[in-house]
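Before any questions on how it binds or moves, here is one chain, the form predicted on its own, in structure tokens.
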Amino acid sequence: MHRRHQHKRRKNFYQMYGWLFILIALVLVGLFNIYPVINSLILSTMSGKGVVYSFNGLGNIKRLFSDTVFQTALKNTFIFFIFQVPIMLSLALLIASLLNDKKLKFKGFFRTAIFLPCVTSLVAYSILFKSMFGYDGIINVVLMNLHVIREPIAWLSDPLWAKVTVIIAITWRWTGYNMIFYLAGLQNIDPAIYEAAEIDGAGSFKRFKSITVPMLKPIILFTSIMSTIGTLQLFDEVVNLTSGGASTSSLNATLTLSQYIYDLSFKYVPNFGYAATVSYIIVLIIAVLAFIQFRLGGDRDEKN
């Protein structure tokens, strides 16, 4: 009886110290994660300027429907998402497949060279791209010497070409990052599967379509969701390369939702309530797109 009582006391002692250990983590999570989420949700129902706010209910949401700048930012963000994500992921998958070839020499060099842009300083690469895609930059010089174009293209000041430049810049920077995930996945595929398919007469494209893509499906789903989140939060490139399109003939030609939130919070007269509402629109869009991607790429496997 005495021993059982001692065992119970020791168990309670360990449980108490266990809770004390995780209490610090719980407090930090609550303070820096849960509280900001709840506070921003409350803030999204308020309106005002500076530090003066009043409850506005759904007023901020109604304002979104008549806010032409928000609509422009939303349209630009979706243009970047629709064009950039498929191009970047397809390139990353193709390059990873090529660099996984055992016969290829200098694989380490090529892998490092393609991965390096994602660890390059944002400011340094923005300066580089501004120089390359300037009116007198090397891109226009090369294209004109090759007789591809007759006149220099205004890559950074034309509304259309400014978007193209941003898409090229993001693709250049993040393709190597996604390539690493695909390379890791490819190296876990048994080479015997490819050898068997080759013996059966399957060509390179057939092996890529019927073996590589299906077996990398979970990784493709993961990179798709991460790239979607990254593109919908696009901020650095548009600010550093085109200032959100402020230098183009069409104002806000490359403005994104994240930059609009920044402008609402820090550039114009601060309106944190409306900025919080726009932030939750991004959260909602990401949630919907992630759900669609899971339905298209994830659930089907579970059903089978």
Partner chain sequence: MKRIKGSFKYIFLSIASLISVFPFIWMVIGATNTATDIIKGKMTPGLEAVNNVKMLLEMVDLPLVLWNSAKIAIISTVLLLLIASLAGYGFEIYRSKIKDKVYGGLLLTMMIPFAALMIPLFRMFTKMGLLDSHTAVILPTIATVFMIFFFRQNTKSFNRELIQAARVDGLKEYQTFFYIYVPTMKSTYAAAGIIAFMTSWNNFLWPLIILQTDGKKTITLVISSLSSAYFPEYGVIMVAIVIATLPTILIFFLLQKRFVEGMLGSVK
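Note that the structure is predicted; figures quoted are calculated from it, not measured. If you superpose the two forms and keep the largest set of C-alpha atoms that fall within 1.5 Å, you have the rigid core. Positions refer to the first chain, counted from 1.
The form predicted together with its partner chain exists for this protein as well; it is not shown, and the discussion that follows is about that form.
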| property | result |
| --- | --- |
| Listed residue that, although its partner chain is not shown, lies within 4.5 Å of it in the predicted bound form (heavy atoms), from I87, A154, L74, M132 | M132 |
| Its partner chain: the contacting residue among L160, V213, L143, A113 in the predicted bound form [heavy atom, 4.5 Å] | A113 |
| Heavy atom of D236 within 4.5 Å of its partner chain in the predicted bound form | yes |
| Contact test in the predicted bound form: A196 vs its partner chain, heavy atoms, 4.5 Å | no |
| 4.5 Å heavy atom contact, D200 to its partner chain in the predicted bound form | no |
| In the predicted bound form, N33 touching its partner chain (heavy atom, 4.5 Å) | yes |
| Heavy atom contacts to its partner chain in the predicted bound form at 4.5 Å, residues of 215-238 in sequence order | I219, F222, M226, I229, Q233, F235, D236 |
| Is_shifted L64 between this form and the one not shown (CA, 2 Å cut-off, rigid core) | no |
| I24 C-alpha relocation of at least 2 Å between this form and the one not shown, rigid core basis | yes |
